[in-house]
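Only one chain is given next, in structure tokens, and it is the form predicted on its own.
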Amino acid sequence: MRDEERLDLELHRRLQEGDREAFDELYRRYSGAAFGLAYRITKQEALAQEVVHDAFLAAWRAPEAFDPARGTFRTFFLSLVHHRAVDTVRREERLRKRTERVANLEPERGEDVAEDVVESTYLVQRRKEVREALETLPPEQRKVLEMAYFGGYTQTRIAEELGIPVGTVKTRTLAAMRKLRRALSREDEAG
């Protein structure tokens, strides 16, 4: 076993005991290589820094994840960075695609104009059904839904505005959503 590997094992042993200096030394030893690897995968400095931060935090929180019988600490840690960087790239790609879909920047393949007309008609009808279903709710339940969904208020802010406990806001919201679901499913069955 090389001196570097022996030092890593000793630092890891101390890390398991919660030794902050051991953590700092491991950071000095591997932060450069970890950042380089993360940057090559993510191609963004901020994302690479986030990946390295998360990897070191994981090593601090769960040092027992490293098993010396399976390889060196360097291999373990850089593998951890690699996996986190790949996951980050995948997450960013999913977010980018979702944002493009929401912004409708991505045209649908084989788009049919008739489908747009049908969808538009359906949405007009569905909005009408939702408004009618909202009118059937008790006023206190309707108020919390309107504040949350149309006003963008958090449950805490609704509670403050109405002068009621947050638990009451949650209860009213849940009851209102259940009633709306039942009312709208009856509409679907009737239609």
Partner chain sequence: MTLDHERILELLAGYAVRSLSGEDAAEADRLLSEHVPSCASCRESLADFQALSGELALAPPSRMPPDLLLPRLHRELEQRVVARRPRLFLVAAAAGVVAVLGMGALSVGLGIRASNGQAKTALFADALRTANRSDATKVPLISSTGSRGMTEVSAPGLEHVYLVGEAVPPPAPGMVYRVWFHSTEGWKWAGDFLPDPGITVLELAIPTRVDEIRITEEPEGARGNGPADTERWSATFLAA
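Only the largest set of C-alpha atoms that superpose within 1.5 Å between the two forms is called the rigid core. Since the model is a prediction, treat every value here as computed from it, not as a measurement. Residue numbers count along the first chain shown, from 1.
This next part talks about the form predicted together with its partner chain, which is not shown.
At the 4.5 Å heavy atom threshold, is Ala159 in contact with its partner chain in the model of the complex?
Contact check for Ala159: no, nothing within 4.5 Å of its partner chain in the model of the complex.
In the model of the complex, does Glu45 come within 4.5 Å of its partner chain, counting heavy atoms only?
Contact check for Glu45: yes, within 4.5 Å of its partner chain in the model of the complex.
Contact flag, Ile164 vs its partner chain in the model of the complex, heavy atom cut 4.5 Å:
Answer no; every heavy atom of Ile164 is more than 4.5 Å from its partner chain in the model of the complex.
Heavy atom of Pro138 within 4.5 Å of its partner chain in the model of the complex
No, no contact at 4.5 Å.
Heavy atom within 4.5 Å of its partner chain in the model of the complex: which residues of 2 to 30 qualify?
Contacting residues: Leu15, Gln16, Glu17, Gly18, Arg20, Phe23, Asp24, Tyr27.
Ala176: with the rigid core matched between this form and the one not shown, does its Cα shift 2 Å or more?
Yes, its C-alpha moves 2 Å or more.
Quick check: Arg28 between this form and the one not shown - does its CA shift reach 2 Å or more after fitting the rigid core?
Not so; Arg28 is displaced by less than 2 Å.
After core superposition, I'd like to know whether Arg127 moves between this form and the one not shown (criterion: C-alpha shift of 2 angstroms or more).
Yes.
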